[in-house]
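Presented as structure tokens, the chain that follows is alone, the form predicted alone.
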Amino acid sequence: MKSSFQSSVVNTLAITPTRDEAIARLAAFMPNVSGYAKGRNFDRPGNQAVSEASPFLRYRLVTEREVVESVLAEYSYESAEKFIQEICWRTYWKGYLEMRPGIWERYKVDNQALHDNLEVDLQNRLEKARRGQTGIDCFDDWVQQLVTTGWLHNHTRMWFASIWIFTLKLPWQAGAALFLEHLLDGDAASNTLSWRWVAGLHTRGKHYLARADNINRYTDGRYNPQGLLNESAAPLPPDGAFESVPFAKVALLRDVHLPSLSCCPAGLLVIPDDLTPESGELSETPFSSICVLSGNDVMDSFNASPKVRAFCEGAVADSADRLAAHWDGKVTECQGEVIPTVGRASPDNVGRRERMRVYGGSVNCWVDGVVTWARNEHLKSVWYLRPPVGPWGDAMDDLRSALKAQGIKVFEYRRRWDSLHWPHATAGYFRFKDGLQDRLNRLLG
């Protein structure tokens, strides 16, 4: 049968990983916010009911706070409630995983075990699914869309995961790994926990089953896999309890914070999980040098596709240019093993007496690249927004140890948005969203 694949995404192949693009897309979508609730579940070509903001939010080229503020500037909370709630799902997932990092650790262990002990039959079935050769037309087309564009509609992701787990009977961990490999907006929290939710592991006994009539309805009849899906499967059995742990202690910035002279020269490390520090609490803090790098080793840790790598590297390059403009600096490009030495910060400089140096690019070993930057600049302290649980977070223990071994102080911060919302991700999303409007009122005024 000839494939009926037609991407539901507008210009995803030509997506530009910049803040300007994020803001432009948000502005173009703004007139459609009021119709979001009615049309959001439809996966159709050119669907104007979805914002396609997720790749930009994933790297915080635009922040959740900025999106919600923009929406509330034009709509009442009630008229935009569904869209705001969907934006905050990413916040909820991050908070939930931050308190239960054991879920991420278990996922990595399980994936490695699958890789090391893969039986021939399972390997063959996984390969057929990954190549889109299952014989289920909708699923096979979605595989092609995923690999080709790096994006799938959210409803389609749910159908995909359900078919993978309950019809094809494949390990959910392998499906989550496939998504993380290819999705431009893939992050550890949203991806891992969404797959667990579909499987029935996030909310005990509650799973999601893809049904042919539902797929037929919300794809406008493009697909109708009658008789091909397991529509009566039970949830996966529980895989253990994951105890909640306290949040890591970090500083919360409220006003402009000036590094003390004992910490100068001070450098700002910008981690790919949050590429817009000039928008928010650190925007007026003076620094002597800035480092914003992607790391090939970190991308290798989850087998990132060429498209995901290119998007991340493009977002990093855009961040470096913006940070240089914001802090009146100049970008020095780093590549592979090369971290140029173009100068050193003077001890009494706090970003005002000499021109800022911004180091940007992609390096082979991220921790080594950051430490080389800090050492070359003779920094006494490095500041950063602490990354959430995930691939970049996994690298932080090594980085902290390496910087401290060089006698460089480390200062970790968290955005007020995260500090306010994450502690409420204690159970299901419905409990999280119960106080969402009140929290937004307190945060945004």
Ligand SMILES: Cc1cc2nc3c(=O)[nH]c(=O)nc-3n(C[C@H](O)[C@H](O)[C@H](O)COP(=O)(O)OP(=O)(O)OC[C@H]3O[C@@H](n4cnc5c(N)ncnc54)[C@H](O)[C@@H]3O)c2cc1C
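Remember, predicted model here, so these are calculated numbers, not experimental data. A residue's number is simply how far along the shown sequence it sits, counting from 1.
Another form, the form predicted in complex with the named molecule, is not on view; read the next lines as being about it.
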| query | finding |
| --- | --- |
| Among the candidates 399, 57, 33, 408, the residue which, in the predicted bound form, approaches the named molecule to within 4.5 Å (heavy atoms) | 57 |
| The single option of 357, 100, 307, 153 touching the named molecule in the predicted bound form, heavy atom within 4.5 Å | 153 |
| Site test, 275, 382 and 412 vs the named molecule in the predicted bound form, non-hydrogen atom cutoff 4.5 Å | no |
| Partner contact for residue 90 in the predicted bound form: the named molecule, 4.5 angstroms, heavy atom | yes |
| Exercise: residue 104 in contact with the named molecule in the predicted bound form, heavy atom 4.5 Å | no |
| Residue 179: touches the named molecule in the predicted bound form, heavy atom cutoff 4.5 angstroms | yes |
| 4.5 angstroms heavy atom contact with the named molecule in the predicted bound form for residue 207 | no |
| The named molecule in the predicted bound form: contacting segment from 368-376, 156-164, 280-288, 124-132, heavy atom within 4.5 Å | 156-164 |
| Residues in 178-194 with any heavy atom within 4.5 Å of the named molecule in the predicted bound form | 179, 183, 185, 186, 187, 190, 191, 194 |
